[in-house]
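The form predicted on its own is given below as one chain in structure tokens.
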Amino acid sequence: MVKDKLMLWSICLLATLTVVPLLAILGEVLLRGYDQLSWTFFTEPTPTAYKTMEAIKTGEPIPGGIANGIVGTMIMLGMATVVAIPLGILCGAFLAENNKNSFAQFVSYLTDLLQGTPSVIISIITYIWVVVPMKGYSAIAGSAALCIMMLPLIIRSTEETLKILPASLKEAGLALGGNKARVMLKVQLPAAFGGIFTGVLLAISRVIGETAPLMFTALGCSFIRFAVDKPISAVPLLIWEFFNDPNLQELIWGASLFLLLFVLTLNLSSKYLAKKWNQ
């Protein structure tokens, strides 16, 4: 009995020690960034150095916002997910159905290797594969880097979700005359939708805050741009730019708060949808 209580208190203490730094970070960002959130902060691009210095001299709030970063982030995330989702789901389905195949085992090993690869290495590879041939930075290059980082998470979530499905689902589909491909597309994947969708949302939340891949591929832009073959901004890039500019450092907190709230929303949505689907 004493051992049980001691173990319980030890777990509670360790859990508290884990949560305290997280709450401290969230509290600091919230306290410093909440007053910057406004309509103009989300609808106007990053201010120029001249406007910023004029505002500081007169004691006025720094004009502008992070609209260029939000637009760029959404464009690159959209392009990355369009490629990563179908490719990752198909690859995960292949691994789940052919787990004893030597080629599937090799692909599974590469997936684990890619998942553990540092983002800066992926950014350098994307720079060589995309930026150099295109002769310039672009949203296409940035989305390619994000797509590569998303693939392992989507592949693994699809594979593991399909593996835990009841074998009777596949057997029933085959017994009704369907081939393996049709059973996979019409029966197994719809049944595994909750786990796959959760994996997709977690993959998006994983890459949305990456800075290094975008520094090597998208570069950044001081105004709102929709052209995918030109340099484009992103919220993580803006945070890095604000940090390097003493006049814009106050905007770090508002941009960071937006990013945290976006990631938190994605994570809570994935948990809610997974729970709802399981019910």
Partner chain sequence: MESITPILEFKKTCVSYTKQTMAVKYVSATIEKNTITAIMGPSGCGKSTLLRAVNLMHNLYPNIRVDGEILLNGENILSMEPIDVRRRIGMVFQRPAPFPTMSIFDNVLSGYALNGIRLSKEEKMQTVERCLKSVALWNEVKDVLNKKGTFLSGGQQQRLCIARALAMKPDILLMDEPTSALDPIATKHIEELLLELQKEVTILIVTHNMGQAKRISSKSMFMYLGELVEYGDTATMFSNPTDERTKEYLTGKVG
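Not measured: the values here are computed from a predicted model. Residue numbers count along the first chain shown, from 1.
The discussion below concerns the form predicted in complex with the partner chain, not included here.
Peer 1: Choose one stretch from 190 to 198, 88 to 96, 130 to 138, 101 to 109: the one whose residues place a heavy atom within 4.5 angstroms of the partner chain in the predicted bound form.
Peer 2: Going through the listed ranges, the match is 190 to 198.
Peer 1: Have a look at Leu113, Ile121, Ala172, Ile164 for me and say which one sits with a heavy atom within 4.5 Å of the partner chain in the predicted bound form.
Peer 2: So the residue touching the partner chain in the predicted bound form, by this definition, is Ala172.
Peer 1: Name the single residue among Leu77, Val71, Met149, Val183 that comes within 4.5 Å of the partner chain in the predicted bound form, judging by heavy atoms.
Peer 2: Spelling it out, the residue with a heavy atom inside the cut-off is Val183.
Peer 1: Looking at the partner-bound form in the predicted bound form, is Val82 within 4.5 Å of the partner chain by any heavy atom?
Peer 2: Heavy-atom contact with the partner chain at 4.5 Å: absent for Val82.
Peer 1: Indicate whether Gly209 is a 4.5 Å heavy atom neighbour of the partner chain in the predicted bound form.
Peer 2: The answer is no: Gly209 has no heavy atom within 4.5 Å of the partner chain.
Peer 1: Taking the partner chain as it sits in the predicted bound form, which residues of 132 to 168 have a non-hydrogen atom within 4.5 Å of it? Please list them.
Peer 2: Only a single residue, Ser168, comes within 4.5 Å of the partner.
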